[in-house]
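First comes one chain, alone, set out as structure tokens in the form predicted alone.
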């Protein structure tokens, strides 16, 4: 009997030694993230903050896929995550309609899905995290009215440069802005809706066409800072940047805030990236905590009155 026990324990010991020492250290929570694109500075900051937050949690394995500005590519990435049976999916969709069915499929399969930045056409997902784009649009509208003379007195020619016209943020930034300025009969929108797809070069091209067609442009409202910067550069190239206000959205310290400080943009409006909050909310849910259906991130107006202090706080100036 003793011999049998001895053999049993020796066998158990040998089997234990065959198990790699790192096996117990393997990451247990797998989170898949599908990013719409990585061609914009705001998206790069988004990814950085998401990775930084995930790095704080050694139990998390983060898998990031770049949608490359292609809804079909993003749909394929989500399909891959479903097959992998990841613990949670984070997605920032390029467009709403085309990606809603695949997000719904992931959600219906039992995988928690967190929609970041851009909403979908229904709410069959676990949680939405993002800024209030209508609120930001209204803030831009109020700023425009004040710059152009004040409530009831505002006058001026305005150019609006849309972000991706198929995305929910662009529509919300448009409607919020027009909630305010459409009450001012002295403000004229002098161009038709133009889709700049969030790109600086397209902002430049749209503004160049507006400059050719109109002798006076008092204010440019672009749906993000790169397009506003592109519009400024188009005006500067023909020496017409002075006397025109340029408003953008994003408020990245090293980009939009810096441009405000340098006098290139008149103002920008903070649109915080949701990556870090997405990781935090996913972990809360996976650890059994209750989470809200929607999380709205804060915003603020950034102009000459506070741009310097923001840059200083971020170590960008002394």
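Everything quoted here is computed from the prediction, not taken from an experiment. Numbering follows the first chain given and starts at 1.
Just so you know, the form predicted together with a small molecule exists too; it's not on screen, but the next bit is about it.
Trainee: If you check in the predicted complex, is residue 277 within 4.5 Å of the small molecule, heavy atoms only?
Mentor: No - in the predicted complex, heavy atoms of residue 277 and the small molecule never come within 4.5 Å of each other.
Trainee: Closest heavy atom of residue 261 to the small molecule in the predicted complex, within 4.5 Å or not?
Mentor: Because no heavy atom of residue 261 falls inside 4.5 Å of the small molecule in the predicted complex, the answer is no.
Trainee: Residue 160 versus the small molecule, in the predicted complex: is there a non-hydrogen atom within 4.5 Å?
Mentor: Outside the cut-off, so no.
Trainee: When the contact criterion is heavy atoms within 4.5 Å, does residue 198 count as touching the small molecule in the predicted complex?
Mentor: Residue 198: yes, in contact with the small molecule in the predicted complex.
Trainee: So if I measure heavy atom distances to the small molecule in the predicted complex, which of the stretches 150-158, 73-81, 110-118, 182-190 falls within 4.5 Å?
Mentor: That would be 110-118.
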